[in-house]
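The chain that follows stands alone, in the form predicted alone, written as structure tokens.
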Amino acid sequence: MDDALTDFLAAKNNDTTQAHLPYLSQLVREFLSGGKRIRPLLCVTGWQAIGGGDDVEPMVQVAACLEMFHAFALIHDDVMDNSDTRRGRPTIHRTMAAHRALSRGPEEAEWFGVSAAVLLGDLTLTWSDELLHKAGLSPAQLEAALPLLAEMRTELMLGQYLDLHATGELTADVDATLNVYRYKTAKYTIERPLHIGAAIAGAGPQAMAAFTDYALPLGEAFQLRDDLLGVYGDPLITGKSRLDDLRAGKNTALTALALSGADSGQTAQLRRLLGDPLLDEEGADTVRGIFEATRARDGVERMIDDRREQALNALARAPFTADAVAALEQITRMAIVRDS
């Protein structure tokens, strides 16, 4: 996967006379380094689960298309969240603002950083399409993959909108948060990559349904673990501040469970502190204390365990190759038992 992405970006540099493109492609290359590659891995595994064959090279290119699309999603997500770091490095909009600040004032530099990051995200979206169409798929394979890719993109945008719409509007409705997770994470991260790989291998309706039965609970568990890491994770390992979600007032299952179990005093504290852009570690510790006192953190861990069992039970009855089942069992552990 790394080779496919590196070769693609190197070719972009070699084929251009535009002085700025090597700088932009280098930013993308650095941004792509260090990712979990879970979507590409699932895409190739979906292909293998249906007995895709020995020629894996086209699938590597399709999987690279998904990773490039993910770069687009993350670059824009960091802009929307006003995040400072991603994977332990400055986010793209912060990096581009700092570069501009060498010759301009801070306000213009910040405007430039945000605007340029939006454009760079758009460029990675375009490159994602190019990777797919240069993968060497047959017309029938491309026809099978394109509708699923379109669905994946639509579902992600809807999930992002739902997340944005709910931010700052705290609720005790856990089901409402899970609805966001289904579109923003479960379908985008787990289900559709599997579906795309399987469709290219010629999967039928039974196999596609089996992938869904496995993917949706695992995707929810994956996001629930992200929620915990966003509040309790070590920034040196996660690469992100553990204040961002709290300062943004993110509507997570963790906060919903806390609000549903909080007394009036705890509720007042949560509503005062969550969403405060100036929240410091002392205030964050108060929030974490309420999460512990209301057993919200324990509740999220139980939700993760329940969904892990659902995913593994679905996998046990799925009509997949033995190697693919073993790989998906390992991927399940990777997705849930992690510290970043």
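None of these values were measured; they are calculated from a predicted model. For every residue, the number given is its place in the sequence shown, counted from 1.
The following text describes the form predicted together with another copy of the chain, which does not appear among the structures shown.
In the predicted bound form, another copy of the chain lies within 4.5 Å of some heavy atom of H76. When another copy of the chain is considered in the predicted bound form, A207 lies well away from it, no heavy atom lying within 4.5 Å. Interface residue remark: T321 is not counted as part of the site for another copy of the chain in the predicted bound form, having no heavy atom within 4.5 Å.
Proximity of H20 to another copy of the chain in the predicted bound form: non-hydrogen atoms within 4.5 Å are present.
Using a 4.5 Å cut-off to another copy of the chain in the predicted bound form, each of F112, L125 and T167 places a heavy atom inside that distance. The partner is not drawn, yet in the predicted bound form one stretch among 77-85, 217-225, 230-238, 259-267 has residues with heavy atoms inside 4.5 Å of another copy of the chain: 77-85. This chain lacks the partner; the member of Q160, T95, Q141, T212 within 4.5 angstroms of another copy of the chain in the predicted bound form by a non-hydrogen atom is Q160.
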